[in-house]
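Presented below, as structure tokens, is a lone chain in the form predicted alone.
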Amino acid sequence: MEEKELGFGIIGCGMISNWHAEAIRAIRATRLVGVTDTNEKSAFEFAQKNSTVVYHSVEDLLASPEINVICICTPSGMHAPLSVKAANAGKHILLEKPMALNLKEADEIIAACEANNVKMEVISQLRFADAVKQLKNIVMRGDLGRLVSGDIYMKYYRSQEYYDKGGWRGTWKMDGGGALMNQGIHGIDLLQYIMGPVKSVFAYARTLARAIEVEDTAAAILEFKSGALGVIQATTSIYPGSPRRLEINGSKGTIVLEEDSIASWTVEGCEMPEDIALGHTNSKASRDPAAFSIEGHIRQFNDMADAIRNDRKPLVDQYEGRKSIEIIMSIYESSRTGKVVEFKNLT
């Protein structure tokens, strides 16, 4: 039976919208119906490049009966109000990170999605990488024994020009944070996805090298619900920047990921499976925000389309998206108060 075509609309025609348009083209039975942006010049240029049309307002876009799914690609500070609007219009939502700037906004989004029975997928394309899937399966099978430590190192570089050019970047009002909320949120999501719920955190977040409101350098110590300990390091202040590195250590083994490749696999009494290929990333994403593959977005868009067609939960829904926001908010609170922050909800 032929699948019903899903119509997509994009709000915000900046850099990341290109990944959304390409992902829509790459998956079956989907079409980019139209786009909108407060900058009409950007909207018309983007629409021309992607063979679609411009809607002159968000309200016009949301009113289109041809559109089933809204992609929100705006500055972070607009994510929550636009998500609530889209949900109230009965549209499913693909939302760029971060889901929201704080837990109050995240909960408003969740309430709107529940009230209108719409699905949301928060972009966290790393979960769809082959190496991450393999690591998740290995941990779930217990091959590493008891998890002892889980650490994520995201020592990125962003120039002062990067912040100045964006205008909204590096502000609390529109970015919601810095090296953690903007650059580091994907890695934080990945860490908790593999290691499980966080129980408590103690952290420092500082602005050391850039003329911005938010942190360019942060370090946190975590205790997980399982009893394992961990570290989060995130920067935009370190030149020239290094690939993201995730280290998962158990009583029987250690696996290290660099970006989306397994860099090291050592498990006691267990040969490396044939379907695991060691690799070394040459990704420039640590210093170039546009230097990442489209493949993760394509896989996540496929997951969303399948979730809609089969009425199931997307892999990274609004409840999953909230988790990384809670971790980051707790890091900020710990840094501000100098105290350990305990998590109330450990599911």
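When you see a residue number, it is the position in the sequence shown, counting from 1. As the structure is a computational prediction, the values presented were derived from the model and not from experiment.
The next section is about a form of this same protein that is not shown, the form predicted in complex with a small molecule.
Practice problem: Using a 4.5 Å heavy atom cut-off, indicate which stretch of 241 to 249, 196 to 204, 71 to 79, 132 to 140 touches the small molecule in the model of the complex. | Solution: One stretch meets the cut-off, namely 71 to 79.
Quiz item: Looking at Gln233, Ser261, Gln125, Thr171, which is the one with a non-hydrogen atom within 4.5 Å of the small molecule in the model of the complex?
Solution: Only one option qualifies, and that one is Gln125.
Practice problem: Indicate whether Ile16 is a 4.5 Å heavy atom neighbour of the small molecule in the model of the complex. | Solution: Close contact exists here: in the model of the complex, Ile16 approaches the small molecule to within 4.5 Å, heavy atoms only.
Quiz item: Could you tell me if Glu96 has a non-hydrogen atom within 4.5 Å of the small molecule in the model of the complex?
Solution: Heavy-atom contact with the small molecule at 4.5 Å: present for Glu96.
Quiz item: Is His186 one of the residues lying within 4.5 Å of the small molecule in the model of the complex, judged by heavy atom distances?
Solution: Yes, His186 is a contact residue.
Self-check item: Contact flag, Ile308 vs the small molecule in the model of the complex, heavy atom cut 4.5 Å
Solution: Heavy-atom contact with the small molecule at 4.5 Å: absent for Ile308.
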